[in-house]
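Below you will find one chain, with nothing else, as structure tokens; this is the form predicted on its own, and questions on how it binds or moves follow later.
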Amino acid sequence: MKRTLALLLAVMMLATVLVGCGNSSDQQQAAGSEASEASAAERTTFIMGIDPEYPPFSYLGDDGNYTGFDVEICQAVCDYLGWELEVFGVNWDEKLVQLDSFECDCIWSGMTILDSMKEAGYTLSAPYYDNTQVLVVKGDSGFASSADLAGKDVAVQLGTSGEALLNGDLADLAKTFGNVVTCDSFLKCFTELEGGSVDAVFVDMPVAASYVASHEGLNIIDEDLGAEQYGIAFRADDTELCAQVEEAVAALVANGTYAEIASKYPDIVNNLLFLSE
């Protein structure tokens, strides 16, 4: 009888613990969601999620700090709003998972805004940059168009719109390649190209221009292969936070700070939407 009673008590205690764990998880998720929106007016810190290897928008500077166009604009936004900026390097292939896990407050790093993201419920800012996809090859390769790469190996970064295009709208082009090689960063894609492991890199135009400008022996094929726009991605409940950031950017455009920062990045300035009006 004692043994039976002890067993029943143990089962009851375990059930209580499991229920408590479930409630704790639900409460943490709810608390995170409430804090995400409720603290917009009281916010003191803003965590920017970036691709740490995405020049000229976001990359590690010579001083060991993150810099780039997007990082500088975000810093100016934080200065304007009285927030302290923290820069968080995400795994680009897992960026939305990390955003949903509250590891950062946004993804702001040459982020292509897609209809599928809106359908999934994310809050997206207005677009700020017009982008195209291009192919980068070695200068002595003789490749002058995407057709010349039939049967050749092409590298692309995981989790990018370029990878999505090769799996979607440009799937027919991808089928002409010998192999599509995925890497977890653009730098690794270019390393594969320069080392001879692949014949081309499929990449965003501003990244291509920035890399080719500082590395001899590489060319950009004069062929635009996909149009898209960059914006900032927030969690579904962060509409107020998105509006705050957009209003701050508008203020930076109005007072000239935006143009001053953009002038440091000549490779992208002509495609910035806020400066083309």
Partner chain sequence: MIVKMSEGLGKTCAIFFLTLLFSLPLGMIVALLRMSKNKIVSAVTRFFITVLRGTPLMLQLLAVTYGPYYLFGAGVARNKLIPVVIAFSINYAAYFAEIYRGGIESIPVGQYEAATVLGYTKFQTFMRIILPQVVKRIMPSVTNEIVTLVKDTSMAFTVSYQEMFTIGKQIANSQTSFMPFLVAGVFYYIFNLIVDRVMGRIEKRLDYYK
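Everything quoted here is computed from the prediction, not taken from an experiment. Positions refer to the first chain, counted from 1.
Below, we refer to the form predicted in complex with its partner chain, which is not included among the displayed structures.
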| message | Please identify, from 126-134, 68-76, 201-209, 174-182, the stretch that has a heavy atom within 4.5 Å of its partner chain in the predicted complex. | response | 174-182
| message | Looking at Leu85, Leu158, Leu81, Leu170 here, can you tell me which has any non-hydrogen atom within 4.5 angstroms of its partner chain in the predicted complex? | response | Leu158
| said: Whether Arg43, Leu99 and Glu247 jointly form a contact site for its partner chain in the predicted complex is the question; each needs a heavy atom within 4.5 Å. | reply: no
| task | Please run the contact check for Gly196 against its partner chain in the predicted complex: heavy atoms, 4.5 angstroms, yes or no? | result | yes
| query | Does Ser146 reach its partner chain in the predicted complex, with heavy atoms at most 4.5 Å apart? | reply | no
| query | Hey, in the predicted complex, does Glu103 get a heavy atom within 4.5 angstroms of its partner chain? | reply | no
| request: Determine whether any heavy atom of Thr191 comes within 4.5 Å of a heavy atom of its partner chain in the predicted complex, and answer yes or no. | output: yes
| task | Note that its partner chain is not shown here; using its position in the predicted complex, name the residues of 62-96 with a heavy atom within 4.5 Å of it, in sequence order. | result | Asp93, Glu94, Leu96
